[in-house]
Structures are given as C-alpha cells and as structure tokens.
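Next comes just one chain, in structure tokens: the form predicted alone.
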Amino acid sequence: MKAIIIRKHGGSEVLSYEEIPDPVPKKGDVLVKVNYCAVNHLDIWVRNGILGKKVSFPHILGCDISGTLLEGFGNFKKGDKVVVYPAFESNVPRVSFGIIGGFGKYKGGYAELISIPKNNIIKKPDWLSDKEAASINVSYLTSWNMLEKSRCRKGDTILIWGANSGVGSSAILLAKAKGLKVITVASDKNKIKFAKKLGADFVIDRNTEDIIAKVLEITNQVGVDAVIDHVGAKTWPVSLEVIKVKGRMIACGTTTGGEATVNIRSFYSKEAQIIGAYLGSKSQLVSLHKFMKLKKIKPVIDSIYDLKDAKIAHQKMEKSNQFGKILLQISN
C-alpha cells in the first residue's frame, strides 16, 4: 500500500511517500480502506516530537479517518462506509487515552489501509459525504466536548480563539447552534470575514485591538461565561483574565507552547475553573452526529490534497492559512 511514513522527528521534510506492506490485523482489529484523513495539529506535534512522548518508528500519522470496511463483523458488512473513533485505552500513567496515529501503538490514516480495533468503528452517517465525515472525529468532537464541559446555557457568552482553525471554526458553529453569544479572535480581514460568516457575534482583530479591553467592553466589564482555548501559552493569560466570576476556561491545545505564565491571584479571586478537554468519548461522537443533523450543520472544509502532497498540507496548517479543515484524499 501507499503511505506517508516518518522515520524521525522533524519538519515537513520528514514526511515520506512510500510503498510499504499492507497491515495485518491483530485479534480484535479490522482492516479499513481509508478514503479521507484530515490533518490536525496533533499530526504536527507528533511529527515534530514532544519531550517525554515516544513514537515507535517508522510511524504513520493521521487520526481523523473515514473509509470503507474490507470485512464484516457484528452489525457491520463488508463495504460499509465508516468513520473511526480516534481514541484507545492508554497504557501511559495519568493520561486519559491514546490517539490513533498519535503517540501510541496504532499507526494512523495517512495510508491506503489501516488496522484498528473493531470497537472504534462507527457507521458513517448517510447525510455526510466521505470527506465531511473525516472532518468531524477530532476537531468537531473536541469542540463538542469543550462546549459540554463549559456548562454554558442558551444566552451565555463564550470567547473562542482562532476562528479559522478546525477547533475554532467548529466551536463557533456548534456554540451558535446551542444559542450562545460568541466572541472570537482573528488576525486579518479575510479571517474576520470568515468568522462572521460562521456566525460569530463579535470578532476581535488581535493585530489592532486590545483583546482584554474589547471583551470587557462587549460584556459590560463582567467578562465571559467561558473560554475555549486551544492555542496554549500565548493565550492562557488573556483567557483567564476575561472570564467572569466563577467562569470556566476549557483548554485542549498547545499550538503556541505548553507552558504558560498566568495571574494566579486573578484566577482564584474569581473562583474560576480551568478544565482540560482531550478529544471526547465515542458516545459523544454519536451524539454530535445527531446534533449536527438536527441543526443542519456541515463541517467547513478548507482544502483537499492528494496523500502524496501531505507536506504541502502540513505547511499550510503551520502557517495558519486554512479556513476550516484540511484533508488528505487517499482513495475514492
């Protein structure tokens, strides 16, 4: 089969398009022909390497997968269109779970075939195309989990960082569908226009406006009920500053770094909460599919690249030039 392989950590140049042997399923696993695999920041973190996180080389990235079953089991038939729930039980202490194609034992979806646990298979909703179905399992599920953890109710105000990203754009769509008032942050005219098209009520230009002052102005100095922060070190101090008394900051990413300096006094004097979110459960993914169907939400797709062009897809994500999800097309 054709696959994108990494044999060491590094920049996009370590992504190698090769012919390798087909995977042989272990007991309890099943083979899936991969149709589409979305690109996520996790892929870049694994490719670059993170201190203390190990990868067994050669490794295949990719956790956001839609495909076709090559054999039947249980209620599934050979040829069924499916999506892959990306998480599996972690054998690492103090880590909730591992992610397929991430730091763990399972190779990912940057390949024509993947062998995965049968328990990770979900039937593809018929109202989603293959490419749309591959756009939901990570970014949209993470956003859904974060919104649920935020405990926000209809009419509450939420700040969502990075409107053009997968998590940012999906969080805006889902938050608006839940009846929340959305403030988001963007960095240029095109991204501001994109955020407004998604439905954001207020868009702050981080290059020309003071984010803290603007959020407090919008909320009459009260602050927001919750913040969706998937950016990391650079945004944590602001996120904690703009939440209201007893507000919540939901965090899931470290795109700008994993170690932040925050105002501890501001945090505890507001009796605020910092809540971690790591993907979401399989049942949440099923609930998300139902919610998106009910609210007629389709995932926003920026671009689709052939598998062999994974380097270009990674470079685009690293420059933050996307408007929604970036996909790799593996087969039709």
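Fair warning: this is a prediction, and the values are worked out from it, not measured in the lab. Residues carry their position along the shown sequence, with the first being 1.
Heads up, the form predicted together with a small molecule isn't pictured, but that's what we're talking about next.
Engineer: Considering 129, 120, 219, 254, which brings a non-hydrogen atom within 4.5 Å of the small molecule in the predicted complex?
Structural biologist: If I apply the 4.5 Å criterion carefully, the residue I get is 254.
Engineer: Only one of 198, 231, 183, 152 has a non-hydrogen atom within 4.5 angstroms of the small molecule in the predicted complex; which is it?
Structural biologist: Filtering the options by heavy-atom distance leaves 231.
Engineer: Flag this candidate site as yes only if 42, 138 and 165 all have a heavy atom within 4.5 Å of the small molecule in the predicted complex; otherwise mark no.
Structural biologist: Result yes, every residue of the spot touches the small molecule.
Engineer: Select, from the options 25 to 33, 278 to 286, 259 to 267, 293 to 301, the stretch whose residues sit within 4.5 angstroms of the small molecule in the predicted complex by heavy atom distance.
Structural biologist: Heavy-atom contact with the partner occurs in 278 to 286.
Engineer: Residue 12: heavy atom within 4.5 Å of the small molecule in the predicted complex?
Structural biologist: Residue 12 lies outside the contact set for the small molecule.
Engineer: Report whether the minimum heavy atom distance between residue 315 and the small molecule in the predicted complex is within 4.5 Å.
Structural biologist: The answer is no: residue 315 has no heavy atom within 4.5 Å of the small molecule.
Engineer: Does residue 142 make contact with the small molecule in the predicted complex, using a 4.5 Å heavy atom cut-off?
Structural biologist: Output for residue 142 is yes: heavy atoms within 4.5 Å of the small molecule.
Engineer: So in the predicted complex, does residue 157 come within 4.5 Å of the small molecule, heavy atom to heavy atom?
Structural biologist: Contact with the small molecule, no.
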